[in-house]
Ligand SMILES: Cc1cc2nc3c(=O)[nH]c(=O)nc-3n(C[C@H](O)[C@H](O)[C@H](O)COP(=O)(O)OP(=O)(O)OC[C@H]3O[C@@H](n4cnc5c(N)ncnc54)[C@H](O)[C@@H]3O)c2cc1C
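For reference, the chain that follows is the form predicted on its own, supplied as structure tokens.
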């Protein structure tokens, strides 16, 4: 449970608001697992590994902003990987990614493609220059793009690709989804068979090992029982409706 001291080796600016931080420590992981990242003097936050030795950070809150202020040769503390990851099954899979949700899905796409699995990715973002890991997904297979403003691909949400039958979800053996929770809830509420879809959830984690209960969703501990859940497990829960803040109080998603 003691954090590993990971020294930063380089930064890669992926989009105007997203940066990948590489460090000198490699972690064996199942795509979809998470690590607890300790920004000394600020906070400890959960993040997916986007590579075996990197995290991809979207600048949003205090801790992520502090990560943007670090320099090469600075260090961060890392615990993990924790939780369960995506279970790859079938020979023809679909990935649905929104925003920084591409971080855990890109390693999944690469691992599946290297095993001879056919990979199709629906990649969404607010605008063209916020699309994340497009080249990695293109190397793994077919990519369909949607942007809110129409600056790349289809204009609208990435889920619109399902609504308008640009993608026939029924023909895929398994589906994997990560992104903003309202987007994932829309996928869950679609006509896709819930058992076929695996969702990677983001919740407020304190311990990361299932002790504190800060991340609970209807009795499920997201850090321990997840963060990846099948759709049938999330059906008829508070998923997409409520989450918990730092004090444990329910707030609307």
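Quantities reported herein were computed from a predicted structural model and do not represent experimental measurements. Residue numbers count along the first chain shown, from 1.
The protein also exists as the form predicted together with this ligand; that form is not presented, and the subsequent description refers to it.
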Inset, instruction - Let me know the one among 45, 188, 217, 30 whose heavy atoms come within 4.5 Å of this ligand in the predicted complex, would you? - result: 45
Legend entry - in the predicted complex, the residue from 177, 100, 109, 122 that sits within 4.5 Å of this ligand by heavy atoms: 100
Inset, instruction - May I ask you to check whether residue 57 falls inside a 4.5 Å heavy atom distance of this ligand in the predicted complex? - result: yes
Legend entry - Non-hydrogen atom contact residue 69 with this ligand in the predicted complex at 4.5 angstroms: no
Legend entry - Partner contact for residue 199 in the predicted complex: this ligand, 4.5 angstroms, heavy atom: no
Inset, instruction - May I ask you to check whether residue 193 falls inside a 4.5 Å heavy atom distance of this ligand in the predicted complex? - result: no
Legend entry - Partner-facing stretch of 100-108, 72-80, 113-121, 135-143, counted where any non-hydrogen atom is within 4.5 angstroms of this ligand in the predicted complex: 100-108
Inset, instruction - Select from 195-218 the residues with a non-hydrogen atom within 4.5 Å of this ligand in the predicted complex and write them out in sequence order. - result: 201, 202, 203, 204, 205
